[in-house]
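A single chain comes next, written as structure tokens; it is the form predicted alone.
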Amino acid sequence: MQISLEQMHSTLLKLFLNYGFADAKATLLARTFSESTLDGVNSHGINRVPLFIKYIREGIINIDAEAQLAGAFGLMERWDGHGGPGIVNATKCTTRALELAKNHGIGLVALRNTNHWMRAGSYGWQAAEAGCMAIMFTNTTPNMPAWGGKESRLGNNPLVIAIPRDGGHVVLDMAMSQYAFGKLNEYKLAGKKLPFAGGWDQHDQLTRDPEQIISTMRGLPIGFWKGSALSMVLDMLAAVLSAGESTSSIADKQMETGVSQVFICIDNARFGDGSIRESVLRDIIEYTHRSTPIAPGMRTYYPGEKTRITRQKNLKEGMMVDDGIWEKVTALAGD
């Protein structure tokens, strides 16, 4: 079915208020989940709302808690999320990293003891809209084998890189697995196979079946051994910088919680060369856009370009939402 942005936002706002969130937090949550869906990321937008509510009901997420400063070291800070909602904590820490960047040119906030931040790209877009470049990442529960191993020992540890530009921000949002597990669930709901192998089945064979990969929790690292290595070092950086938990300790929990995250922002204005930056970015994008399509109907995009296209389409036509998911959400909201 197709849902308008306004309808989704009002339904989610009612839901979060009913679950006891303060007005400001309920509004932030409703906006973030709705905007993620607007941008076509249903896997970490509307599709995640029922699981988010389950975490609240089971006491994993403390709706009244939010990140607080645990230690300051000049342009670097450590924050403790106290088990609060991941969206609230990540938004607050991005805001603080932006403040540090505006004051020092660069700012780093490392966050521990938080929950899933949902769409990682939300915070890259937040930074880009504020005129800052950003590098952000998180660790997760184990859902991907280290290259050469069988059992999942790594998280798919999403990475965000944002670069603001006048012609449309560049925002890379990617997991270290070929497909994020939310995306696997999206394919599962649609009853579709993956375009490419995304992980291993119970017989240790690579498969395009999302349901089998979800069952084994053995995603395929991007770039094989390279994605495996990158996942591991992102986990190390997140845990060490935040003095928080690593994927290995998150593995001991029944549900994913207590993750560690890093937010780095860089103030472009400090360099005083905006026209040069815009020219360089435009040249890179135009050079890539001039690529010969490998097949009819295909073309190249810069990271974030398809998001802008999807956003405009969904604003005009409404957002496609799985019927079953929407029924669950509206039931939770009491509609």
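Sequential numbering from 1, following the sequence displayed. This is a predicted model, so every value here is computed, not measured.
The same protein has a further form, the form predicted in complex with another copy of the chain, not shown here; the description that follows concerns it.
- Contact with another copy of the chain in the predicted complex, defined as any heavy atom within 4.5 Å, is confined among 196-204, 88-96, 209-217, 115-123 to 196-204.
- Put simply, I285 is close to another copy of the chain in the predicted complex: some heavy atom of it is within 4.5 Å.
- Another copy of the chain in the predicted complex is not approached by G59, whose heavy atoms all lie more than 4.5 angstroms from it.
- Another copy of the chain is not shown here, and in the predicted complex it never comes within 4.5 Å of any heavy atom of L184.
- Contact annotation: A175 falls within 4.5 Å of another copy of the chain in the predicted complex, judged by heavy atom distances.
- Contact check for H9, A30 and A333: none of the three has a heavy atom within 4.5 Å of another copy of the chain in the predicted complex.
- In sequence order, M298, R299, T300, Y301, Y302, P303 are the residues of 296-315 having a heavy atom within 4.5 Å of another copy of the chain in the predicted complex; the partner itself is omitted from this view.
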